[in-house]
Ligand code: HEM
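Just one chain is shown here, as structure tokens, and it is the form predicted alone.
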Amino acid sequence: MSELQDLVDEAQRQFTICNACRYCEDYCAVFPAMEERRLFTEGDLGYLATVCHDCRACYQACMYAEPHEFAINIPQLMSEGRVLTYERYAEPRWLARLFERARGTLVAAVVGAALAVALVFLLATSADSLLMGNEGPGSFYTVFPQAAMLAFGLLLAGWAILVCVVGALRFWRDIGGPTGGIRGPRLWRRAIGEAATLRWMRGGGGECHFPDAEEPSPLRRYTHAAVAAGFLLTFGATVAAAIEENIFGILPPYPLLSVPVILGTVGGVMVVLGCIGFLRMRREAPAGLAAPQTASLGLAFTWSLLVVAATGLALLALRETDLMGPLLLVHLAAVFAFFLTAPYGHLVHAVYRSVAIARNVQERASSEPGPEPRSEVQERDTALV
């Protein structure tokens, strides 16, 4: 029997007990969706596990958790379900196994990206450009050619997007999503709002029990928000820089008070602070409530993103010194490694969770009572008026 089928069988056992108890049905979106099902498939497990925000409030409230003989542990079950879901929908299949060796994958990606960057540098430029201070417009391109930078970035980003989109479409189909997707602006607003505000990370209303099982706090939600907002700001900085260069003909590096630099600086600082917060919380979090692969994936992603942000800020601060060349190569290697691992690491969590939330919003909307049918008397009275 496969590992996934074993987990589905265990989910069937635990979910059946939860459906009989229903103590936690108001805690989050997971339990009402669970109550709509009596038999659970692989798609159902992936759906519920991804809707789960790992707030762990249900575990703290559960009267059937260990040492009870039922040994209910929904957070760990959901954590294992998420990892197997990511692996199941990743393509190609031989690369999907990278989810099982997250740290080794990260090291391999960094080494591969560093070698690629070094090879392009050695073939296209000279050692003098690496160790000398470069100032003025276009100085970055004297260290690393613009064409190679764009080719690497677009190729890796395109590959990451393609793998994530294909996986998300397969996931949507397996969790019962209709062919036409989610329809209606109201449902889209609800789905985007719940995903952006991490509504279900508040558990039963007392915030998240991570990392402290006894004292719930909003720290994890705020840290998520900082990293997400910082990531979007740095993406905005990249877009602004592209506009500056391709529309206005202004080459980087840009002044400190320019839009790309301001967005990149604020976003980079937010990402660094958020990643440090994540690392601290993961160190303090109790064991036994998450799959080992989840912790490994989370650490690999956090360190990868932290290195990208930190090297970017260092490059900004030292861009007019002799360290600009080496820092640029290190930053590019970190960026390329990040994109290499993106479809096979913790970043896909955001993709699948957004899909699962959209499906959950759609499912809840279909079960909401509509307006009561008008009686014949009401119809006749309206006609008379």
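Quantities reported herein were computed from a predicted structural model and do not represent experimental measurements. All residue numbers refer to positions in the sequence shown, first residue = 1.
One more form of this protein exists, namely the form predicted in complex with protoporphyrin IX containing FE (HEM); it is left out here, but the text below deals with it.
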Exercise. Hey, in the predicted complex, does Arg359 get a heavy atom within 4.5 angstroms of protoporphyrin IX containing FE (HEM)?
Worked result: no
Exercise. Quick one: is Phe231 in contact with protoporphyrin IX containing FE (HEM) in the predicted complex, heavy atoms, 4.5 Å cut-off?
Worked result: yes
Exercise. Though only this chain appears here, would Thr265 touch protoporphyrin IX containing FE (HEM) in the predicted complex if you measure heavy atom gaps against 4.5 Å?
Worked result: no
Problem set entry | protoporphyrin IX containing FE (HEM) contact in the predicted complex: Ala285, any heavy atom under 4.5 Å | no
Exercise. In the predicted complex, which of the stretches 88 to 96, 300 to 308, 246 to 254, 167 to 175 has residues with heavy atoms within 4.5 Å of protoporphyrin IX containing FE (HEM)?
Worked result: 300 to 308
Exercise. Quick one: of Ala114, Val261, Ala157, Leu198, which gets a non-hydrogen atom within 4.5 angstroms of protoporphyrin IX containing FE (HEM) in the predicted complex?
Worked result: Leu198
Exercise. Using a 4.5 Å cut-off on heavy atoms, what residues in 337 to 364 are near protoporphyrin IX containing FE (HEM) in the predicted complex?
Worked result: His346, Leu347, His349, Ala350, Arg353, Ser354, Ile357
